[in-house]
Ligand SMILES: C[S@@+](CC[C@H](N)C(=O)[O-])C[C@H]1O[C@@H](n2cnc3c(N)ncnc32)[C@H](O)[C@@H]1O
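Okay, here we've got a single chain as structure tokens, the form predicted on its own, with questions on binding and movement later.
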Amino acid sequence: MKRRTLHDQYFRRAKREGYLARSAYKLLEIQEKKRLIRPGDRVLDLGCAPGSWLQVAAELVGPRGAVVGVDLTPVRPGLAPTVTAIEADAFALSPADLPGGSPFDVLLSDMAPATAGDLSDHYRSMDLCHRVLDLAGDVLRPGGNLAMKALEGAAYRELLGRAGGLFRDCRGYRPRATRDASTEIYVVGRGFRVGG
């Protein structure tokens, strides 16, 4: 098994460029390849702590857009004025809980389970991803876009199939900033089909 490197080039780059975590570069690469977020968009980010995806999304939507983050853990203050972060459980979340209401143009999720280092990590990740897809019908506008983290394993294909039924184009994508030893992959969907 490969040894995990904690302070790699992306960690150092994030510190240098003012991002709260190295995960910012995953979203930046997804955006570069897939163009999910446009200026003026409303973006919902589930599992937003520590806030690096909120930072990237705020840069991309600009001053006319809005970004709402949701996490069990509080996000430190000092983010762009277009960002609102709330403490909430994605499994108990309803659209009425979201500042500004819905729909959103883009649904992001970098949620991950507390890992135990065994097979249960994968299945807990699948539960989180299916919850994101459950929420999509309530919070995402027709034609909206998705990027969500999943841990690969036996149930991943089923998840990708379900997501593929909800989006015009849906694929798995592994950004370069993902650690070599990680099983994470991002499900990226474009063109949400309501009732799909």
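Keep in mind that this is a model prediction, so the values were computed, not measured. Note that residue numbering begins at 1 and tracks the sequence as displayed.
Just so it is clear, the following notes concern the form predicted together with the named molecule, a form of the same protein that is not shown.
J.: Looking in the predicted bound form, is the named molecule within 4.5 angstroms of a heavy atom from every one of P50, L72 and A90?
T.: Yes: P50, L72 and A90 each sit within 4.5 Å of the named molecule in the predicted bound form.
J.: By the heavy atom within 4.5 Å rule, which residue out of A112, M126, L79, L98 makes contact with the named molecule in the predicted bound form?
T.: Of the listed residues, the single hit is A112.
J.: Is R42 close to the named molecule in the predicted bound form, meaning a heavy atom pair under 4.5 Å apart or at it?
T.: R42: no contact with the named molecule in the predicted bound form.
J.: Heavy atoms within 4.5 Å of the named molecule in the predicted bound form: which stretch in 150-158, 52-60, 136-144, 167-175 meets that?
T.: It is the stretch 52-60.
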